[in-house]
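Just one chain is shown here, as C-alpha cells, and it is the form predicted on its own.
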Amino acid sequence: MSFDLLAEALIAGILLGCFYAAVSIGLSVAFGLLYVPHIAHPAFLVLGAYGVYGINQAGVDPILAGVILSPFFFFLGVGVYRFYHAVFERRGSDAGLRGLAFFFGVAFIVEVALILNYGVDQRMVQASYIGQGLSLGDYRLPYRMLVAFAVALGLTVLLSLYLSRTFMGRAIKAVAQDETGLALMGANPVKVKQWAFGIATATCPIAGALLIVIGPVEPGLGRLYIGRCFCVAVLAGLGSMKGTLAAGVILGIAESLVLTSMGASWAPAVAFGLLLAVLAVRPTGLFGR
C-alpha cells in the first residue's frame, strides 16, 4: 500500500469512526451505564432517520430536524424503559435474557411498521452540503462526513459535561456503580435510569440524521449496525463517552484499512472481529473503569 493510499485510508477512517461514535453514543449510555440490553438501538436510529426524512420534505435541514425530534424520542425512551422495568427488570435475575428478547421484538416491530408506512424503497434527504466536498491538496473530504465528525464531537462533549457537571448526570453515573447505595441516599434509582434511558433514546434522531445524510436508508438498515454499535460500546469501556469517540475512530480506521487492502467484502466482519478480541482479552474495554 502506497503512502498516499494509506493516508487517504486513515483520513477516511477517522471521519467514518466519528460517525460510528455518534450512532453508538446512546447505546453507551443504555448498555454501558444502565446494563440494559438495548438491541433495538439501531432500529431507533433508523426510525429517527425516517422522522428526519419526513421533516426534510418541508425543507428543514436534516440535522436541525434531528434536534427537533429529540424531545419526542426522549419521552419514547422513558416510556419504553418504564415498560421494560415493570415487565422484566423488576421481576428477577433472568431479566437480561428476557430483556434481550423484548428489545429484539421492539426492533422487529419498528422495522415492520416502517415497511408498512414507507415500503422497502430507499429514502434520501436533501441538504446543501450533501454531494459537496472540501479539497485539501490531493485529498477531498466530503462535507457530509465532516458534518458527522462535528456532530460526534458535539454529542461527546455535551454528554460528558452533562454526566460530570449536573446533579442528574452524577446520579446516572452513581446508579451505574452502586444502585443500592444511591437508594440509601434517598434517590429513586428507577427514575434516574428512566431519565438516562430517555437521554440515550433522544440521541437517536440526531444520529439517525447523520445516517440518512451519509447515505440512503431502508427499514432493515439497523441490522447492519447492531455489531458496529455494540463493538464501539464494548471497546470503549462500558459507559465512557470519551472512550466511545476513541473506539469509534479505532473501528473506523480498522474498517477503512481493511476496505482499502482487502476489499469491501471483509469490512463488515471487522466490527465482530474487534468485538470478539476485546471480550477475550480485555472485557472491561480499552477505556473501561
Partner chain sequence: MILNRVQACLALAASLAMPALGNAQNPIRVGLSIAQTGPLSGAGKSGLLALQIWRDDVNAKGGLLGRPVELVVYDDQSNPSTTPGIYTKLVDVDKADLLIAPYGTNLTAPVMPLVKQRDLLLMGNFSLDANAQIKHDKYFNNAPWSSAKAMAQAYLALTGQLGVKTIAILAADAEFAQTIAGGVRQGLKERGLESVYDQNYPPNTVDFSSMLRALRAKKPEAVFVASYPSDSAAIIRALNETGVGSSVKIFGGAMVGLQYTTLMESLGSMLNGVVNFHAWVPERTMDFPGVRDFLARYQAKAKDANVDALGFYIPPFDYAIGQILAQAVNATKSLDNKVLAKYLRENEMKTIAGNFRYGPTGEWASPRVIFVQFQDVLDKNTDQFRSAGKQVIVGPAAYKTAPVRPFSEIRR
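Predicted model, so just to flag it, every value in this text is computed and none were measured. If you superpose the two forms and keep the largest set of C-alpha atoms that fall within 1.5 Å, you have the rigid core. Positions refer to the first chain, counted from 1.
The same protein has a further form, the form predicted together with the partner chain, not shown here; the description that follows concerns it.
Visitor: Given the partner chain in the predicted bound form, answer whether the residues Val157, Thr166 and Ala233 all have a heavy atom inside 4.5 Å of it.
Guide: Not one of the three qualifies.
Visitor: Phe72 versus the partner chain, in the predicted bound form: is there a non-hydrogen atom within 4.5 Å?
Guide: Answer no; every heavy atom of Phe72 is more than 4.5 Å from the partner chain in the predicted bound form.
Visitor: Since only the chain is shown here, I'm wondering whether Ser240 would be in contact with the partner chain in the predicted bound form (any heavy atom pair within 4.5 Å).
Guide: Ser240: no contact with the partner chain in the predicted bound form.
Visitor: Taking the partner chain as it sits in the predicted bound form, is Gly131 in contact with it (heavy atom to heavy atom, 4.5 Å or less)?
Guide: Yes, contact at 4.5 Å.
Visitor: Evaluate Asn188 for contact with the partner chain in the predicted bound form, applying a 4.5 angstroms cut-off between non-hydrogen atoms, and reply yes or no.
Guide: It does not: once the partner chain is placed as it appears in the predicted bound form, Asn188 has no heavy atom within 4.5 Å of it.
Visitor: Specify the contacting stretch among 177 to 185, 108 to 116, 72 to 80, 194 to 202, defined as having any heavy atom within 4.5 Å of the partner chain in the predicted bound form.
Guide: So the stretch in question is 108 to 116.
Visitor: Determine the residues of 127 to 148 with a heavy atom within 4.5 Å of the partner chain in the predicted bound form and present them in sequence order; the list may be empty.
Guide: Stretch hits, in order: Ile130, Gly131, Gln132, Gly133, Asp138, Arg140, Leu141, Pro142, Arg144, Met145.
Visitor: Is Ile14 one of the residues whose Cα moves 2 Å or more between this form and the one not shown, with the core superposed?
Guide: No, shifts by less than 2 Å.
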